[in-house]
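Next up is one chain by itself, shown in structure tokens, the form predicted alone.
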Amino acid sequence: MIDAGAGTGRYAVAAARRWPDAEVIAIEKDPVLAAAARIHASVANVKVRVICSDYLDVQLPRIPGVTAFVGNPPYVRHHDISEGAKRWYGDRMARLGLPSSLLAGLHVYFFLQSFLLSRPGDVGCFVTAAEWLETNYGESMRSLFCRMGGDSLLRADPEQPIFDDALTTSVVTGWTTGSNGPVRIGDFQLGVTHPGFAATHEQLLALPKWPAYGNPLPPVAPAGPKLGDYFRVSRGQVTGCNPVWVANADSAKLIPERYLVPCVCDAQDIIEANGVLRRSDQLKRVIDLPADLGELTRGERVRVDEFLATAEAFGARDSYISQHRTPWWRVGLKSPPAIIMSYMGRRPPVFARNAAGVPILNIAHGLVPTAPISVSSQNRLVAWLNQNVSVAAGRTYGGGLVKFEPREAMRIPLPPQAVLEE
């Protein structure tokens, strides 16, 4: 029994108690945690061999029996994975003829290493983050899971966090190396397991994403039109510091009226539009100063300089966005999209035609037609989308929020009769 990323050895000690005749090996990279695992096993009076090593570097001896891989791989996102480990991952996935994504978290590497160390008939069970079920970059893990003989997925209720130190959805995965049988998919809530359904590897691999907690196996999307056939979907504008760049009563007094731009700054603006956003006078305004402040009058420049000094003291110049634009105060609002949509919540997204012609912040997505589309067609489309888009088409996050990334929005199927005319 291999406890991969053992930490203090809780799984290893539990396994040694349950199977006293098995060879139990705990593998932990951190020397302090490895020492704690040794102490844990000693106090529990069980035999556990602790190896202080990176799991990706481990080689296991061949044994005549079955090896079980068990663990809770560390939740490490791609930003914190070394370049050497990423090369290792990409090279091994390529040798298997599988896609690889550099956005994958470290838990995917642990699955891969377990598969490389295993032989037909070996088994495994990892508790991991579940975003790979639904994300585009999760294709790598989904392909690997099927290749390694994945046979069970137990999806945890996203409102009941499994990991204390990470706000993420979770899934308990099981596999039998060499198996090509169906995958049993169920849910876990309040300590109770709810059986769901079974799906073949072929069915799952035909889907652009796998169903998250509570969702059934969706049918393969028909070959009909998709939202992305008619629109480019993109996020709204990132200001870098909304408390500064969304004008309040005080800052509005310092900024010339022509640089105060009515803008969709809250998803509630879309929800309350009832399908068509007609008015801009009730919206908040964004401060969108020019790159060249020399076009201001002397009096305007004095007041704007006062505002910028306050903004800088507030930290607006130090944000990541401000540090990567020139000049730092130039928000540079994008052109208003034809249709706007909310994209995060505990309900389906809401769509509205942007009759007011206002820009949007990144609390919304903008839909820009790739070819001219009549207003009447846009109205019909918005009405259909508001009635027919389900949360199951989005991506579930820790806490139960559902988010639609632009690519997910572009995959929303449209009815065949919804072909839009000019």
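As the structure is a computational prediction, the values presented were derived from the model and not from experiment. Residue numbers run from 1 along the displayed sequence.
FYI, the form predicted together with a small molecule isn't displayed, but the following is about it.
- Heavy atoms within 4.5 Å of the small molecule in the model of the complex are found in exactly one of 42-50, 26-34, 355-363, 387-395, that being 26-34.
- Site residues 69, 113 and 126 are none of them in contact with the small molecule in the model of the complex, judged by any heavy atom within 4.5 Å.
- Only one of 348, 236, 74, 336 lies close to the small molecule in the model of the complex, with a heavy atom inside 4.5 Å, and it is 74.
- This chain is displayed alone, yet in the model of the complex one of 403, 407, 10, 17 has a heavy atom within 4.5 Å of the small molecule; that residue is 10.
- Although the partner is absent here, residue 106 sits close enough that one of its heavy atoms falls within 4.5 Å of the small molecule in the model of the complex.
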